[in-house]
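Just one chain is shown here, as C-alpha cells, and it is the form predicted on its own.
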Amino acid sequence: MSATFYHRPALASRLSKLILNVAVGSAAGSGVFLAAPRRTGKSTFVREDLRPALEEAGAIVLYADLWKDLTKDPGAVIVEAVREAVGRSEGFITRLAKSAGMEKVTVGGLNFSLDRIGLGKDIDLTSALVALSDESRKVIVLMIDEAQQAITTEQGAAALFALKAARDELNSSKHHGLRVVCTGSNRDKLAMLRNSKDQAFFGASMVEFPTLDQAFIDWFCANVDLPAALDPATVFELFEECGFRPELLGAAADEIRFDFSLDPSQVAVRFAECVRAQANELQANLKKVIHSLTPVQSAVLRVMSVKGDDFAPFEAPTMALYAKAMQQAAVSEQQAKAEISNVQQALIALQEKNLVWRASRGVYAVDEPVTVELLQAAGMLEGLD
C-alpha cells in the first residue's frame, strides 16, 4: 500500500461484502449511496480502498467521476465508463458485435466501434453490461462519484434509468449481478436519486460515510515529517474543529515545511495557526461571494436556505418571503419587489456562482451546507421561518 495515502482496509472490506453479498431483505441490490461532505476523504477512499477491495473479491469495477470534467454531460461520462470496460476484452466486443447483427468481427476498431454502445445507440447499456456479465461470469460494480450531478441533465437522468433497467436484468438468476454504488458530497441532493418513486434508484440504501478518525490523525502525525513532532490529541481537536478536512492539515504542514526560519519549538503553535487560517480562508471567500449578491439574489438564497426541501421557488408564499427578506436587508419597499422574471434570473446567477444547484426537473437546493451555516451565523435567516 502507498505510504502517501491513509488506507482503511477494514472499512473497505466491510463495505465490499455488504455491496456484493446482498442480505435477505436488504435494499443494497437496488443501489448503495455513500454521502459525506466535500473534501473529507470520500473519493480517495473509493479509489484507493473500496475499488481494490471489490476487485480482490472478484468483481469487475467500472468507475465514473462526474466531476472530473464538468464540460462533459454526466450521461456521457457514465456511458464512457461502460465502453471502456467493454473495450478491454476481445471476447466482450465479439459478443456485442454479434448481438448487433454483425456475423464477422474484426477487432481493433476496423469493423466495430465502441461508439455503437450508448443511450439510443445500436447497443444499449443493458445489452453491453449483459455481455460483460455473461463473458466474465463476475459481478459488475459501477461506482459513480458525485452521482447527484447525473440528474442535472436530461442525458444524465436517462443514463440512470438505463442503469436501473440493466440492474434489474443482471440481478436476475440468468446473469451474475450488477451493483451500483453512488457517492455524493451533499446528502440532500444525493437523496433526490432515491427518495421518490419517479427516480431510478428509489429505495436504495443511504449510508452516512464515516469521517476520518483518531487513527488517521495518529498516522498523519507519525508520517508528516516536520521539524518537531505534533501531538495527535491536539491535532484531532483541530481536525474536528475544521470539519474533518485532511487537505487543511496537509496545506498547513506545507507552510511549515517551507518556513525555513521557524524554530522547532514553535511548530505546534504555528501548525494550529495555519490550519485555522486555511479554514478561515475558505469561509472568507464564500462570505465575499455572498456579500456580492444583489438584493434579490440574496433574498432567494436566504429563503432557499430556510425552506430546505420545501423550497418552491415561484409559489405565492415563497414570493412573499423574498419581499420580506429584501425589506429586512433595508431595501426600499418600492425596490423590494419579487417577480417571477427576476427570481428566475437570480436562480441562474446563483447557479453560476456555485451557490445553488439545480436538478434537470427544476428542483433547486443550496449547493453546500456550509453556506446555510454561514448565513445562520450571520443572523441572515432570522424572521424568515
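Being a predicted model, the structure only gives us computed values, none of them experimental. Start at 1 and count along the sequence shown; that's the residue number.
The same protein has a further form, the form predicted together with a small molecule, not shown here; the description that follows concerns it.
Taking the partner from the other structure, the small molecule in the predicted bound form has no heavy atom within 4.5 Å of any heavy atom of Pro52. In the predicted bound form, Trp219 approaches the small molecule with a heavy atom inside 4.5 Å. Though the partner is left out of this view, Gly91 does not reach within 4.5 Å of the small molecule in the predicted bound form, counting heavy atoms only. In the predicted bound form, Gln345 stays away from the small molecule, with no heavy atom inside 4.5 Å. With the partner omitted here, the stretch from 239-247, 223-231, 159-167, 267-275 that lies within 4.5 Å of the small molecule by heavy atoms in the predicted bound form is 239-247. The listed set Ala252, Val235, Leu212, Leu190 contains one residue whose heavy atoms approach the small molecule in the predicted bound form to within 4.5 Å, identified as Leu212.
Scanning Lys324, Arg39, Arg358, Lys353 against the small molecule in the predicted bound form with a 4.5 Å heavy atom cut-off leaves one residue, Arg39.
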